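Given next are two forms of a protein chain, the same chain in both, each as structure tokens and marked structure 1 or structure 2.
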Structure 1
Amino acid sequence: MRYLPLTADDRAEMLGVIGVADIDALFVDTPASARLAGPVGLPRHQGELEVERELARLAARNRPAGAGPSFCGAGAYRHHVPASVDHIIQRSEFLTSYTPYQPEIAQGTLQVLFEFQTQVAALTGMDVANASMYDGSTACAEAVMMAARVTRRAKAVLSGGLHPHYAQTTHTLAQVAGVQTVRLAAKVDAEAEVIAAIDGETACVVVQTPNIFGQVTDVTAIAEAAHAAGALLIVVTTEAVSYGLLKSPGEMGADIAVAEGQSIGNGLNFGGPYVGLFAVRDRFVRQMPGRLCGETVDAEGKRGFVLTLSTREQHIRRDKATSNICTNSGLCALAFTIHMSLLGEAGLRQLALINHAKARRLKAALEGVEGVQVLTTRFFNELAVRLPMDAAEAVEIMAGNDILAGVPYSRLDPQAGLDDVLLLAVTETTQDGDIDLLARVLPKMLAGKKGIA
């Protein structure tokens, strides 16, 4: 077989060398709840034409966010990406380049990474940024591991406003490294609870702003409390466009800033690939995971770029590596840099203002619907509301009427007991008519009228 060349004897020999009885023994660390009981319910094999038809049929069941009114957010946002971004990233020198180990033939790629780092450092208000991580959630997990190395402590306090998927990703990595994660109860405004949870054993505090409920918080007081206890503050941002309007993590005292950069230059893409942003204070740079591109001069004194501090990953002294991550989301980072270059500072600020104005209009519309309680008081472009019914059921009813009405919180955190909470986001792609339609249809749905189009 072309793609599965190993025989049963080959596999048995390898298992014997490893010292396990069967393939299942290799997955003992994967929770049973995350494993399938049997093969995926697809045909074992088909011809190419049949496969294309089946995949097309499955794809047709999806409703793209751009097919009509959409209020989905919760960490992945629909923004307009100029066509020029896609055009430029498809130039052969960008699209085909890989790891720039040989700087003498990879100066273009290295300069792009350097410019990306410069932009991220400026946006986050931090001293230095790396050349990207896989996505925001893994960047968050890596930040906790870094904080544990810096402080030589093994406890991380996770705010109740942190995206549940970020919390779960962090816990998955932390438990293997022997770091305890203390996740506080989900809450729209969780500042007081976070400060109360900090003690002398805390390595770091992880807070998100705007948080999963859309709540914007000045975390300066949390930074002061963390630093007084000898802990680091990690600030998470899932909506990078908010940097154009809100205080940066650096201004609020963050030691490490991580974010999901998908909002700038990258489409929704069915959940990936995305691009994780990671920036730190200069004094922590040697503990930062991932790649770092630096500026230098060549033998002739000309400006050039190289990968630097390379013990951080799979390079020469990999036993001293700060992380197992050995690559970066280069093409997504390039798209981010191109879009940011097109926007500039003024363009990003204007884009952020438009997003916030749309959210203000959405809030006003929702406050006019009887039975709907807006929970978010300080917001950028996302709101959490409490409905007089199950939010997941409401989303299904609205989807049947061609409106993607947001993300039920229970989908992200089923055990939180917030089944009636709905997360709604708006961006510059949201038309005023979409908000008006939602405001007209929502009362009818709450009145029990399922045929509400």
Structure 2
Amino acid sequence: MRYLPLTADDRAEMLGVIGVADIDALFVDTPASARLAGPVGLPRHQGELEVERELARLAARNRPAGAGPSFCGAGAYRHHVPASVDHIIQRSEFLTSYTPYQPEIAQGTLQVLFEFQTQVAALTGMDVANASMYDGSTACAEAVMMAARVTRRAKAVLSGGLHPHYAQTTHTLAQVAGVQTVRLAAKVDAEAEVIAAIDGETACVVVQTPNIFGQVTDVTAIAEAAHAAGALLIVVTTEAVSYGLLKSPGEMGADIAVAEGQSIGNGLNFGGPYVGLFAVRDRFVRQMPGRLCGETVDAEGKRGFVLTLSTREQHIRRDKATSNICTNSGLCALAFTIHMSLLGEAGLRQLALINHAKARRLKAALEGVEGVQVLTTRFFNELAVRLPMDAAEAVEIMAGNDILAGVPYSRLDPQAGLDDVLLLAVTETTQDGDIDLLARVLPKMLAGKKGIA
């Protein structure tokens, strides 16, 4: 077996050194009644060729987003990742290292984390960022828990523009912690309605920009209203490339900024692994969840980096920890940092502009389709449109024509009564021809549908 170095002779010799007759003597503490006599009923081991063949068979039953036009977004975006990113993250020293518990021999990982934290703090316009969370949705939920701790209040107001999966994830965690979540009605301009829902019991307000409908909002006034009521403002972003063009959460008064970082450095991967960004104002550092890397010096005075402020964390504070998170998204954060370093400020801004320009082209094309109403008015690279039919059905029909036409809002939030709303995103990977094709096929599909009806 190719991954197991011990030979039969090795095993026999080692059992001799241990002083037992056979391997079963080492499993003597397991209940005899539960000990399996032989392998369970699953296939036996296979060679690399056979395994690769089976995985390739499964992969072939999926239609890659890049194999044709794709307009799927809603929290996961197909961007171009430079080849060098994937090369570096596959280096043994990054790929096969553990959490940097021994800083003397983990400076590579630690310096990357310090760079990552600095980049995330800059992008979000916040003071401090942590070393990553699992993804944007769990970062959002943790931010709400943190706000409840900081304010000692137990109510979170969630905008109707918040990604429904984020709202659901937050609700799951909040309900068991005794924190009530008030989710406002889903609509394109939902952020505008948040202020009216803030009261003296509100721990935090969670808004998203660009929101699930693609709408971009200046949340400065919401920050002011939240702060006036003693609540914190949490700003969620699911498309990190938008930071290159839009006002940052920090500029608009956010107390906590969380985001999905997948867009930078990471592929779609059917939803994971991704990388959650989590950044706060200085005064909240000790209430943050997750690992933090800090600068210090070694015994010779040389600069170095260590994990720090660990007394917040589960391995020290146990049931009083700020979170139960241990493993995070280290390698995805590395990919983020490398891609960000390649882009630089100039590249990121240019990338963001291209994304936006594509979206303007998409908007113009959709506005030319009879019966389609573009709902989003201020957007980055994503639009919500109202179709004259069920959006889920439309997406299935379009998929039959090898066009991934976007995400029906109802898939995320079936009860909202927005069955005719379709979410479409574009990125730099979207070709103008893809948009043109969509604009040509969509009317035919709608007409055909009308015909069927």
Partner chain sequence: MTMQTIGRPTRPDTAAAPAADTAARGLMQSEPLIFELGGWSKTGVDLPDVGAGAADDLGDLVRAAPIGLPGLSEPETLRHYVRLSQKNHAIDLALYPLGSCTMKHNPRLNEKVARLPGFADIHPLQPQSSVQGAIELMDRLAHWLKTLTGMPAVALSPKAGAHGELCGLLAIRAAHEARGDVRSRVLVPTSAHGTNPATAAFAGYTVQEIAQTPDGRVDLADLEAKLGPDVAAIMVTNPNTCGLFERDVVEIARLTHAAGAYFYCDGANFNAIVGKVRPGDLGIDAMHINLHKTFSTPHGGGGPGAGPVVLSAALAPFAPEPWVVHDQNGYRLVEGREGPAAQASGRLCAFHGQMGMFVRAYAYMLSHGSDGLRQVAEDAVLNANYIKARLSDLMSAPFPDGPCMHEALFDDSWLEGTGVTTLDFAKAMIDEGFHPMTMYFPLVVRGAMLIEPTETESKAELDRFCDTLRGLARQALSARNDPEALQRFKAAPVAAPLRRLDETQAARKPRLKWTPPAAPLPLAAE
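Just so it is clear, the structure is predicted and the values come from calculations on it, not from any experiment. Structure 1 provides the reference sequence; residues are numbered from 1 along it. The term rigid core refers to the maximal set of C-alpha atoms that superpose within 1.5 Å between the two forms.
- Here the form predicted alone appears as structure 1, and structure 2 shows the other form of the same chain.
- In this overlay on the rigid core, Gly16 has a C-alpha that sits 2 Å or more away from its partner position between the two structures.
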